[in-house]
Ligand code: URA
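Only one chain is included here, represented as structure tokens and corresponding to the form predicted on its own.
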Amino acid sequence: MTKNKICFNLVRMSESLNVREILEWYLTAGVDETCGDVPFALQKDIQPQKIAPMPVAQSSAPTIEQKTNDAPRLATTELAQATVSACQNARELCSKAETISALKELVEGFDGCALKLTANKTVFGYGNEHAKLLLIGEAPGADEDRSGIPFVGRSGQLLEKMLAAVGIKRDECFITNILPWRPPGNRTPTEGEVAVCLPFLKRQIDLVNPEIIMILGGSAANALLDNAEPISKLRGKWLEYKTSDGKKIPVLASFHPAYLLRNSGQKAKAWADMLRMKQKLCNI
């Protein structure tokens, strides 16, 4: 698309959308920071401004100290405050939920995450609400977005076969994701989106109260454990998650089934993780 066409589209968008709708459009596209106070689409003059040549300083001219503006950019501050407000709202809602079904209803009615605007369905956790094993992925895919159930596509079918191979049925587990809504085009979630949705995941863990947590994929592990280690370093090790009441739950990270579908050579390592998880579960 040429620059003129882009400008034309933005002008048309400014005529048909108000400021709130444009902001929601930015958030849906994954924008979590701005560099100006006025949306580009609302500027009357969208032509690039000509930069006047900088005058050559004379050697005899006195030195003038420029005052620095320490005030934060207004637009950035508003977006940050919106994320903080959404996180606080999510935590308050979680404190009201005493059951998984109640929490699911609250999540479905939550409007603080822009991902909900583009998702088809809310994909909440599914399975045995008193399961000893809780599995966590990153986000729903296209199949999950259509059905409203986590891990029902090709990766879910592979996960079900892996569990069955160690004698665990799917309906014996509780399966969920970091995010209850599918990011557009399966893009990587932003830090703001993860932060807003994380209270819902943590409340699910509190309510299910599992004996073991198995995290599938590096992004999910980083989000829950609040670290930046690659999955290659995290997998195969017993880690720890502490619930809101102080209970320490053993955590085992492994590859996401979607990754295994693309990299079959890593299935042996994932199989070793499954055996390690099964052995731990039997000893509890």
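Quick note: we count residues from 1 along the sequence shown, nothing fancier. If you're wondering where the values come from, they're calculated on a predicted model, not measured in any experiment.
Unshown form predicted together with this ligand; subsequent notes refer to it.
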(request) Considering this ligand in the predicted bound form, find the one stretch among 89 to 97, 109 to 117, 137 to 145, 192 to 200 with heavy atoms no farther than 4.5 Å from it. (result) 137 to 145
(message) Taking this ligand as it sits in the predicted bound form, is Phe151 near enough to touch it, meaning that at least one heavy atom pair lies within 4.5 angstroms?
(response) yes
(message) With a cut-off of 4.5 Å between heavy atoms, is Arg235 one of the residues that contacts this ligand in the predicted bound form?
(response) no
(request) Although this ligand is absent from this view, report whether Ser155 comes within 4.5 Å of it in the predicted bound form, heavy atoms only. (result) yes
(message) Within 4.5 Å, heavy atoms only: does Gln204 come near this ligand in the predicted bound form?
(response) no
(message) For the stretch 236 to 267, I need every residue with any heavy atom inside 4.5 Å of this ligand in the predicted bound form, listed N to C.
(response) His256
